[in-house]
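Shown next as structure tokens: one chain only, the form predicted alone.
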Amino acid sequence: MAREPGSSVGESVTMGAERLEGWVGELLEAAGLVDEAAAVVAQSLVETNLRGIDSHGVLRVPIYIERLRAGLLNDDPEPFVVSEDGAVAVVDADGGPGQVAGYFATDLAVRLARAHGVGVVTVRGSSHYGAAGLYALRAAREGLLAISTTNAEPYVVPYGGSGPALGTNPIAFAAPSTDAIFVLDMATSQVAVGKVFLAREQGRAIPESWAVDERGAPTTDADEARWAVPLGGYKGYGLGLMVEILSGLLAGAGFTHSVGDMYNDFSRAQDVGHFFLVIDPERTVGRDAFADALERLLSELRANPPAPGFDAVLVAGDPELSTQSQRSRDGIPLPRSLFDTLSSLARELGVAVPATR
């Protein structure tokens, strides 16, 4: 349960989504990002927190601001189409925040899918784009199916290795049903590295299966965790490599160690790559028929009797939808240490610190 400001580190304060989004936008603008781009980034981060994916939400604001002020993020980005040939396009992110390029590319993929039945867009010259699910959701809200992937700086050891080789390289898939939108959003590492960062913020230990230390040995100490491990061993390693190929190589972006480290490399921009695939089900079974069939499939899965120790059978996206409903009503909890960091930045940048609950 969230507590009022004034509590100790490790506790949390709560802020309404609209107020938090406005504050984050003001912080990014004060750090130099143009207003339209700041609004996009703020909206994406707060929506991510609303869905309970705190590792990719406003926790990232301090490093975004640090990179903006270091001149490593374009503060007035204008993503542009490098090439467009039928259903396939390549976008240059213009060195700006990944969310700006991600929304631009998603909307382009939607347009291509409406025209051709499918839209494929790759992005080069980008940076961290937050939660992959945001972009798949954006297309699914238009009645389409979508896949979104991104590479990242190497933080994951290969199966059988002890040093970093790939990013957490997430895969997101979304599809509309008659009732809601099915969303799968998963890292190809055992967990997103942001979850380790969040555990550090909260002073929590991590499960032994999440990460390894500098020597490549499993650790439960979030402060000692150095590298993440692939999801499910060699299977997650294979999926992560697939994402690297789609997001980095196919886009002409950086890959593996040529992707700049967001937290530790202030000598260059990141050159992250993204991949977006959007499909119009109208070209196969029809949008309404697809949505009806998906609803029946999900209902059948949820109706499966739960095993001992489980309250219900869920599908991907159910926990996030429940959290979004609760946080939309009650507000978004922020670790006290994060709130203090954002407040310190606000005072430094001349931005007011809003009231919390």
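By rigid core we mean the largest C-alpha set that fits within 1.5 Å across both forms. Every value quoted in this text rests on a predicted model; they were computed, and no experiment measured them. Residue positions are given as counts along the sequence shown, with the first one as 1.
This protein has a second form, the form predicted together with another copy of the chain, left out of what is shown; the following refers to that one.
Heavy atoms within 4.5 Å of another copy of the chain in the model of the complex are found in exactly one of 129-137, 199-207, 261-269, 278-286, that being 278-286.
Shown alone here, A101 lies farther than 4.5 Å from another copy of the chain in the model of the complex, counting heavy atoms only.
Using a 4.5 angstroms limit between non-hydrogen atoms, A187 touches another copy of the chain in the model of the complex. Taking non-hydrogen atoms only, R69 never approaches another copy of the chain to within 4.5 angstroms in the model of the complex.
When contacts are judged by a 4.5 Å heavy atom cut-off, A225 does not count as touching another copy of the chain in the model of the complex. Contacts to another copy of the chain in the model of the complex (heavy atom within 4.5 Å) from stretch 325-357: none. Core-superposed comparison between this form and the one not shown: the C-alpha position of A217 differs by no less than 2 Å.
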